[in-house]
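There is one chain below, alone, in structure tokens, taken in the form predicted alone.
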Amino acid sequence: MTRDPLVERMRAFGTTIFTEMSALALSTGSINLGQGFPDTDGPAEMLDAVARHGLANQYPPLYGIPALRTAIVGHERRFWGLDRDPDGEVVVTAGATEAVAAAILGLCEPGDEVVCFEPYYDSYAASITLAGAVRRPVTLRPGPDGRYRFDEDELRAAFGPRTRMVLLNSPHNPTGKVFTRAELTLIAELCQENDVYAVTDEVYEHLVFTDAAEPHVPLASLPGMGERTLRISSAGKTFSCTGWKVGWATGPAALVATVARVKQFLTFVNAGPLQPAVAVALGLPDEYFSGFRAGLQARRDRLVGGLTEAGFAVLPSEGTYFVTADITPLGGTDGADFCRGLPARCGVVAVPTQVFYDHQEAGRHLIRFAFCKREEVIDEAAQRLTKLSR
């Protein structure tokens, strides 16, 4: 048989750019600033809890163990003023990726439309396609100050009679944008005017830097949005445990039940031995969260200085693990070609952001670097990158 066994709707999705670039880093011995995983361990209190609870070898409850669900609710109340019931308004998932996929698969019929912002995390496009739904991307573009913005008219035009949901990521990967309250208010108004759901990916909720234009505001906290918003987060980014794949979705019981209904046929349950440890981490004192953010901000500044010295035009990063840079000053015109050639030129790996756009020309000249690495790794990468400007 010679025909492609893969279903047609998934043929546009090849090997992810993260897999490709990480393999390139390994094969060339390059420093991997492409994929967003930390190279340090999480907080000691969380790791110690794994040792204490490591014999939890059987299935946890579908919605997650009570201690973790209670901790998630307490965390949202403590930081964001949201009030959820741990029994029915929280479900633990295999990372935020599963939560997003289950939400889209559970809420969208074939032909429904999902308004999202590009560039977008690559799993969003795949999940929308798997559901038979249609993307309606609104492009984020750097303004005169370098900060990413969207056009209000373009956002309004993205809504139509088949719009089922808005998928929002803030703080935003890959741009580092934090959506402002005014932007969120507009999104909330359009959701209510068009009677659509919102699914918000807030995995970087604690990684908003002190020089951001505004602090992070959960869309669910705005008037009229609590009853129509699924809020998604995870332990991976906040506690440097990306391999644990412990995420969650919170919201009205009917929406959370939709996620759980789909999840039970994806992974059923996940991370039983790790859930008690994440519950401990969510209850850490404020000093942990502020210190973690300050450490990431210092590493961001370290990398930005190196990128600027190397000749990139660096765009502001208000949060997340990432910073984007314009390759035009270095003579680059195509980010994918530039990134594939970067290891041979200087021994560093980055990710082209054009692969996260439907309208690729908008991001063809931009690439993304991750700064969630040890200081000595960032310094070495910065030193290697200076070869580009010699």
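A residue's number is simply how far along the shown sequence it sits, counting from 1. None of the values given here were measured: they were computed from a predicted structure.
This protein has a second form, the form predicted in complex with a small molecule, left out of what is shown; the following refers to that one.
**Student:** Identify, from the list V278, V203, V92, L303, the residue with a heavy atom within 4.5 Å of the small molecule in the model of the complex.
**Tutor:** Checked against the cut-off, the match is V203.
**Student:** Give me the residue from K237, K263, K177, R231 that has a heavy atom within 4.5 Å of the small molecule in the model of the complex.
**Tutor:** Filtering the options by heavy-atom distance leaves K237.
**Student:** N169 versus the small molecule, in the model of the complex: is there a non-hydrogen atom within 4.5 Å?
**Tutor:** Close contact exists here: in the model of the complex, N169 approaches the small molecule to within 4.5 Å, heavy atoms only.
**Student:** With a cut-off of 4.5 Å between heavy atoms, is T97 one of the residues that contacts the small molecule in the model of the complex?
**Tutor:** Output for T97 is yes: heavy atoms within 4.5 Å of the small molecule.
**Student:** So in the model of the complex, does N173 come within 4.5 Å of the small molecule, heavy atom to heavy atom?
**Tutor:** Yes, N173 is a contact residue.
**Student:** Residue-level question: is F209 within 4.5 Å of the small molecule in the model of the complex, judged on heavy atoms?
**Tutor:** Judged by the heavy-atom cut-off of 4.5 Å, F209 is well away from the small molecule in the model of the complex.
**Student:** Within 4.5 Å, heavy atoms only, one stretch in 137 to 145, 108 to 116, 237 to 245, 191 to 199 touches the small molecule in the model of the complex. Which?
**Tutor:** It is 237 to 245 that comes within 4.5 Å of the partner.
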